[in-house]
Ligand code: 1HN
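Just one chain is shown here, as structure tokens, and it is the form predicted on its own.
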């Protein structure tokens, strides 16, 4: 393999002329942007234990009223990207958000897609495009691009959820912005009531729903039941995993990031395929040991970790007699759209 020329090999007067005309020679930096075999990755395997994060989040509730926060969030930032960039991977933003009893986070809409994975508490809700979505632990709630959404809390205990957004990508394309709005009027009906059974969708007698996202709330009770049934019905199947999908199209629930729930059988160790997208893992129930290349994290309930793409990841259920359940987000839909998705087995 030929060694490429260095910038320092070029005469200074030539380099000055290039700079003056906003020109850059490619060859000295070619391997930085087109490395051989495996991409350069800034995303580092990182873990955020909830037991250490939670007290700081609750203190934020004491220090900063909602009127001064709009959204009270601690960002789970990946050190490989630099904490100031507030991203977990190239395309994934993570944040732990707190809502206290009686609070209301005002309505707004924004260009990045977002989902909420509920971590703890009862009595809160998110209103999305007029649909009121109750929040319970393990529920997944969509707030897709451009849809009005707000959060309220009628309960008596703090409610916390994990935000997952494609904000880094939207910010990179210089299309990220938000618009403030007024409190929404709630409309009757909820998507999970209409799309309550797999394989069946409402019949459009007169005309089909014009909603791009007909299902906004995916209850954990339904996802968990699907995983348990899948494990029982397919004892020979190593991977017990379901994908959150749009019930009208069969495609991913959102168009940039993919969302999944998976179950580890008691005592099971599962090796995930080495693929191009980065991933995020969040423990819903039980405990698991996550090995990312040479690093190892022990996840308890509500802990979160991330892994870069093109990296070996394996999961081990820490219980010998109880299943473990995890939520996973990854960049697969984006990679498929770009034509760069790889599964190296």
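Residue numbers count along the first chain shown, from 1. Predicted model, so just to flag it, every value in this text is computed and none were measured.
Heads up, the form predicted together with the ligand isn't pictured, but that's what we're talking about next.
For the ligand in the model of the complex, the listed stretch (183-191, 218-226, 263-271, 144-152) containing residues with heavy atoms inside 4.5 Å is 144-152. Residue-level contacts in the model of the complex: of 137, 211, 252, 110, one residue has a heavy atom within 4.5 Å of the ligand, and it is 110. Checked against the ligand in the model of the complex, the residues 71, 275, 132, 81 give one hit for a heavy atom within 4.5 Å, which is 71. The three marked residues, 93, 97 and 163, each reach the ligand in the model of the complex, with a heavy atom inside 4.5 Å. The ligand is not shown here, and in the model of the complex it never comes within 4.5 Å of any heavy atom of residue 117.
In the model of the complex, at least one heavy atom of residue 167 sits within 4.5 Å of the ligand.
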